[in-house]
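First, one chain by itself: the form predicted alone, in structure tokens.
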């Protein structure tokens, strides 16, 4: 088997395949974790980007419950892999808090908590009052929040590097700096690089937002978007910024998200950027958005700033499927820390002849972006501008 991409999805698929006895080669264009897996905010948010009520409305209670159970398995698989492989990634299972940016968001949060408990048998989410939320995260203008005790956070790059070591220990051969130039699926699978080619019975395409032109038909269902983060220097009293070491985001369409690092730095992501080029000064860009929520940190230095691309889909559910013996999973739309553990396992199950769970995920494949490769980006930008305006109003 050949795996293309050294992020969470590719590494989980490679590890699961090796454990099943497959001979596995993994090809990564850059370094392990070079894409979103090493650059994300490290937030572990249970479930899917669509809430339980939305899943029921779209797919009915039976399929929605099945999807939710799969997302809970993703969480369990992630934690199990970290423990079993002794991955040192600053894991915290202290919870995830979504702050209500508008008063009207609270009604949806109450409905979400009720549906999770009543339909999904998940009693671990509850709504906080504005005062309680403010005691945990002193951000002005928030109207409460939804606390999910199943959430948490981790160091994203260290997690990817630990997965790579686990895969290598299971017998996977990993090749960094080996960009795949083409994938042929006729007459067997063949992945060609500048220096050679890998022939295999099965393949996994796990490139996410960095898929480029490698598989144009598959790429039409995902949209690469920019993601920028900053980190402050270690804070004297990190618990006064985020109590209980929670992972936190807000309910804006253009989401702000933040957490504390193991050494007490505030790691903050958010803001609007609608062109592929990064801002001239990522630190200044991120700092401006950080100070809107935390003006008390005006004197705190920004010591690190970084960015990269993640992929989203129109439905905000991942695109998981196959073309012949080439399997793929991407488009996690902000849920890319926990779900890849499930995706990698399910892809390998399908290769081994058990496709029931794979078919469930394949059955919720998102539609293609309108306008094709040429127009999807400008149409997406127009939509983002509209929703960003709604956030402000």
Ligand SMILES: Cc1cc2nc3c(=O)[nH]c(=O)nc-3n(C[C@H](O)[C@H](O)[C@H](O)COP(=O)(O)OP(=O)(O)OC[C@H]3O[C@@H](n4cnc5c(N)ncnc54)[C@H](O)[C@@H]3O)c2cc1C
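Source: prediction; values computed, not measured. Positions refer to the first chain, counted from 1.
The discussion below concerns the form predicted together with this ligand, not included here.
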Worksheet item: Is residue 308 close enough to this ligand in the predicted complex to count, meaning some heavy atom within 4.5 Å?
Response: yes
Worksheet item: Does residue 179 make contact with this ligand in the predicted complex, using a 4.5 Å heavy atom cut-off?
Response: yes
Discussion item. Is residue 257 part of the interface with this ligand in the predicted complex - any heavy atom within 4.5 Å?
Written reply: yes
Worksheet item: Is residue 358 close enough to touch this ligand in the predicted complex, meaning at least one heavy atom pair within 4.5 Å?
Response: no
Worksheet item: Pick from 362-370, 349-357, 333-341, 55-63: which stretch has a heavy atom within 4.5 Å of this ligand in the predicted complex?
Response: 333-341
Worksheet item: Which of these residues, 120, 210, 139, 82, gets a heavy atom within 4.5 Å of this ligand in the predicted complex?
Response: 210
Worksheet item: Heavy atom within 4.5 Å of this ligand in the predicted complex: which residues of 202-235 qualify?
Response: 206, 207, 208, 210, 214, 227, 229
